[in-house]
Each structure stands twice: as C-alpha cells, then as structure tokens.
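Just the one chain here, the form predicted on its own, laid out as structure tokens.
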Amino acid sequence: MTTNENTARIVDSFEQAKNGLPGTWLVGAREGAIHSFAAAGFPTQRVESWKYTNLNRLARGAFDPLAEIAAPDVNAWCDLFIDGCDRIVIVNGRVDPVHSTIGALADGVSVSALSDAVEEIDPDLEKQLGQIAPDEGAPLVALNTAFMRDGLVLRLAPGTVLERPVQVVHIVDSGDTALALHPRTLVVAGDNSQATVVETFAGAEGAGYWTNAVTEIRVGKNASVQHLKRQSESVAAYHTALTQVRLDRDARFYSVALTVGGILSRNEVKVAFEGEGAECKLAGGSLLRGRQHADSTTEADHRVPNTNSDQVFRNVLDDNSHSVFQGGVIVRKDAQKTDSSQSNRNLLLSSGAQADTKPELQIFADDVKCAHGATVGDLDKTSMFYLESRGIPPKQAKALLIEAFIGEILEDVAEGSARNHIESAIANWMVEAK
C-alpha cells in the first residue's frame, strides 16, 4: 500500500464533505475510516490479491466526491427498470424519489434509501452498517464508509418473505465531470426469511467516473438471499466493488455478477460461513472488448463443519481485453465435511485477449471434498462446424456458442424478470459483436 498526493487530496475532500453527509451518528465511523484509508492508500500490485489489477491510473484520476450534477432525464434509462419489483433509483450518487417505487410490503419488511435510513439513530442499524464488511485491511471499503451517501437498506424480520425482487439502480450521467461515487447496500435477512436483490450499475456513453461500491449481506438461520448484479457502466468508467456476506446456520446465498461495462473493474465477493449447514453458489463473469479489464475475485471462508460452496465463472474476451479470476477457498481446521468446488472457463475471441486465472485452495482440515479447474481457449471448431453444416451462418453460429458459454452462470436463476434483466445485458453485448 502506498500514500501519495492523490490520497491527500481525497482526505482533503472528506474534510470538506463530512458535514454534508447523511447520518450525524456516523461521523465517528467516517472519520475513523478516512484515517484508515489515509494510512493505507490505494492497493498496489505488491499486494498478492491485487497482483493482476493495476489501480495507478485510477489513483491518479481527479475524481470528485463533492460535485453537484444536475439530474438527467431518468426516463431515458427506464429500460433498466425491472418490471414488478420495488426499486430505489440513485442518480449521480443521490436518491431519485420520483422514479423510486416501493409498494406495499409485508409486515416486518423494510426497504429504504440509505440516506433516509441513517437520518434517525437506529440501534439495530448501528450494529449492522459497517459491521459485516469492516474497514480494517480494506482501504477501498474504508473509503466507501467515509463517503457513503446513498444506496439501499433492506431488512427482513424473521419468517418474512420479500415477494417481489428489490432493485437498486445506479445511474451516472455526469457530463464532463469526473465523479467519485461510493454507494452502500445493506441487506439483513432474519431467520427463515427470503429475498431477491438486484443491483444495476449504468452510465452515460463516454462518461468518465469512478464507482466504489460496498454491499453487506447477513443471512440468518435457514434464510435465503439471491443477489444479482449487472455492471453496465460506461466503458470510460472505473468500477471497484466488494460484496461481503455472512451466513448463519443452514443459510443459503446465491449470487450472479455479470460485467459488461467499465474500462477497469474489480468485483470482489467474500462469503464467511459462520453456521453449520450453510451453502452458497457464486457465479459470474464478463463480456469484454477493446482494452477493458475485469477482475473477479472471490473468497469462500469455511469456518465451521458441514458447509458447501460452488463457484462458476465464465469470461468472454475480444480485441485486447483482459480478464482476471482469483477464486479463493479457505477450509479452516474445524471445518470438517466441507464440500467446495470452483470452475473458471475463459473464451478468447482474438489473439490479443488475455485471461489470468488463479483458483486457490487453502485446506487445513482433513475430511473435506474440494476441487477446482480452469481453462483458457478459443471457440470450439467442432461445434462451429456442426452448426455451419446445418445451414447456420458463421456469425450466428458464433453468437449461439458465446451465448451458451456465458449463459452457464444463470443455470440456477429461475425464469422471470430478474433473470431477464441479466440476459438483456448479454443480448446488448452480442448486438455489438463482430
């Protein structure tokens, strides 16, 4: 970690911004977080987990967390809205109450914008926000904690079911202003509850900005949370994100994260198994072209016995794009009967594309079943020949194979509007394919 004039500039920005940030009870946490970031600075490639992703250009960028930008016409972004769901819309870092829609909710279910939720001192929220994803050893999380202004807070009492998905849509249309945005999502699912959460990130074509997002999710005993993420930022934008999950006994967590936007992005998912019988599936990947760089880094931390994790990641790369997969599994000494698997496959559509893949197992128990595998290759010539021999034109045959390849990340997502939302991002990318 290094500090430099860019770190100092960000700290100065915090001193100017802190009195205008929501939640007066958060001042102490914010100040502690900015001091943590100032001490650490931006992650560098000397840190093993950042070996393949260079943040130098991001660190040198003059991204402004203070700029006030006039809201664009949000109606132009309505194709991002999922039908039949509750929705929080965040535009240029601030909630848009006009396009945010929260319908009637079951007793015990609370959905609100972060800026609204933190205005009142809530002892339960105080115990949850910033506690699932701590700042220690995570400078970008610390930076988010310092500057977080808006996002989603979803809380479910024990035994409640969120009948509709809840979506938080982040839209950036900042013109020539290089915004820095630090959205925070908090999901707390009580025992025996169920919810589907969709996070959508999008930006105006050519807009240069930085989104630094943190999502905290706690899944109670025998509760189930499905988390879908569509990252369709501007191709001139930077996107760094952490999703930190904690699972109680018999909890279930299913995640799909698709990256199609951003010049540089890193999507990090960490899951801590804190109760026996818990299970998770992490799926995701990227569709890249040009000089895009996308990093998917995961960690499944099995701390107790009898837990299961499965990781499935697929990347499609064209032109001179670059993908990274770092799939971590930790099986601690007492985590006997762990069952864990990882699969990363990378499809290269051009000679200039590059994929780095590093599935990693750290096993300290002796009664476990763990496996991992990774492949890098081009389109299967036999499959192409088969399709073409049946009269399918080469371009259409290629598209069918690509869609089938990336579609593997959606195998466990039920048919419906939330799945369609992810599939539409794939379809949009395919329209522009060569």
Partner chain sequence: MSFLSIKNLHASVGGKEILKGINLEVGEGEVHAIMGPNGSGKSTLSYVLSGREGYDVTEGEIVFKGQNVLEMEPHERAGAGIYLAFQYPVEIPGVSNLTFLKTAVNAVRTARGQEELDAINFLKFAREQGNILEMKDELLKRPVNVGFSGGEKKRNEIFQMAMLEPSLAILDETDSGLDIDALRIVSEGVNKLRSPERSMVVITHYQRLLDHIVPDFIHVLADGRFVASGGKELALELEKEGYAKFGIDEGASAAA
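Numbering follows the first chain given and starts at 1. Fair warning: this is a prediction, and the values are worked out from it, not measured in the lab.
There is another form of the same protein, the form predicted together with its partner chain; it is not shown, and what comes next is about it.
**Student:** Within 4.5 Å, heavy atoms only, one stretch in 45 to 53, 32 to 40, 362 to 370, 400 to 408 touches its partner chain in the model of the complex. Which?
**Tutor:** Stretch 400 to 408 is the one.
**Student:** Given that the partner is absent here, does G28 sit within 4.5 Å of its partner chain in the model of the complex, heavy atoms only?
**Tutor:** Taking the distances in the model of the complex, the answer for G28 is no, it never comes within 4.5 Å of its partner chain.
**Student:** Is D378 a contact residue for its partner chain in the model of the complex, using a 4.5 Å heavy atom cut-off?
**Tutor:** Judged by the heavy-atom cut-off of 4.5 Å, D378 is well away from its partner chain in the model of the complex.
**Student:** Given that the partner is absent here, does L387 sit within 4.5 Å of its partner chain in the model of the complex, heavy atoms only?
**Tutor:** Heavy-atom contact with its partner chain at 4.5 Å: present for L387.
**Student:** Could you confirm whether A67 comes within 4.5 Å of its partner chain in the model of the complex, counting heavy atoms only?
**Tutor:** It does not: once its partner chain is placed as it appears in the model of the complex, A67 has no heavy atom within 4.5 Å of it.
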